[in-house]
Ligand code: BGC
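Encoded as structure tokens, the following chain is the form predicted on its own, with no partner shown.
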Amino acid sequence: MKRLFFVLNIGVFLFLLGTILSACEKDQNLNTKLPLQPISDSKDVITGPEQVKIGFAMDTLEEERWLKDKMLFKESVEALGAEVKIMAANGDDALQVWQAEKMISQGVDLLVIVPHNAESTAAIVKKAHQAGIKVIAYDRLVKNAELDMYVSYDNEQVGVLQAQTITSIVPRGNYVYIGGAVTDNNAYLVKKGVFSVLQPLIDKGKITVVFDDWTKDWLPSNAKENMKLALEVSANQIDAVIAANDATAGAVVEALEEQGLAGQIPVAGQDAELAAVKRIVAGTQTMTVYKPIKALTETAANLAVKLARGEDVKTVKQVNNGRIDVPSILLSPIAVEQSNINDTVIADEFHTKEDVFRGQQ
């Protein structure tokens, strides 16, 4: 009886063992037919260039021209199949640094910056590089930083065009210069261009600069106070005014109007803002400098996307920022007076003819 029980147990054991081995063999065969990882994780299925994200850290959106920059840059980047994140600090240095850091933390592939303060924004470049992100300075140069690229108009030439136009009208007399913000490197470049034309005439005694000061934060209210002071110290004996941009030129015209002098004294500006072009038609502003923003935004967007994708970019100019010679692309500005408004800002559809001449007699 015990022998029969033992034989039965051995039979059961062998049956169970065979079943287990058979199951294991089937599992092994099945596993050899399964991929080691999901297909969706395979690099072989990625097609086309990966979409890149561009960060655009702007100084301000409080002036007409910067609203155009924002809109056109966004359109240009998206037309290239990339994404863009835009933030504006409205003249607040600390906020601009914070906004840039936020975009860096959000994983932008490249940062484009319009610096409010040419010096303090060097910290942004450093932080971006630490995160492996390249930086392009747009319109304004960042000082003392290892910038990857600088894209702008030739701002020194802007000042040259302003001074050449005004001195052709007023070759002798008392001049006032209303500069831009002392924190903006472009303001220095424009002034350098202006005085490259004025200085020989000053040396010859033909021109006297009776007032020359910066405009804090580019605010028109500060420019107007500067102009009122210039009128006071000169007893209204002023023959020409060169202002760093159209917003400050508008403030100059306001101060002149209060003294009954608007339209009698030539005034120069830059940016070709609609209000400035209308003043040129009305005769209270003499000229502005047109910097086609669409050309600038398209150039900057193209460079930004190429650099973000790791493509090579060639430049022919370099601009020293106090630390390195920055690879640069500088576009050419255009002087605008009454005689060529139709051929410049209107022909380019920068402003419509209806807008420019609306309300003009």
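Numbering starts at 1 and follows the sequence shown. Since the model is a prediction, treat every value here as computed from it, not as a measurement.
Keep in mind that the form predicted together with this ligand is not shown, yet the notes after this line are about it.
Shown without its partner, this chain lists Lys224, Arg279, Arg140, Lys143 as candidates; in the predicted complex, only Arg140 has a non-hydrogen atom within 4.5 angstroms of this ligand. Between the options Asn155, Gln96, Gln162, Thr215, the residue in contact with this ligand in the predicted complex by a heavy atom within 4.5 angstroms is Asn155.
Segments offered: 101-109, 86-94, 178-186, 229-237. Contacting this ligand in the predicted complex at heavy atom distances within 4.5 Å is 178-186.
Contact check for Arg309: every heavy atom lies farther than 4.5 Å from this ligand in the predicted complex. Under a 4.5 angstroms non-hydrogen atom cutoff, this ligand in the predicted complex lacks Glu298 among its neighbouring residues. At a distance threshold of 4.5 angstroms between non-hydrogen atoms, Asp271 is in contact with this ligand in the predicted complex. In the predicted complex, this ligand sits within 4.5 Å of a heavy atom belonging to Asn245.
Along 64-102, these residues reach a heavy atom to within 4.5 Å of this ligand in the predicted complex: Arg65, Trp66.
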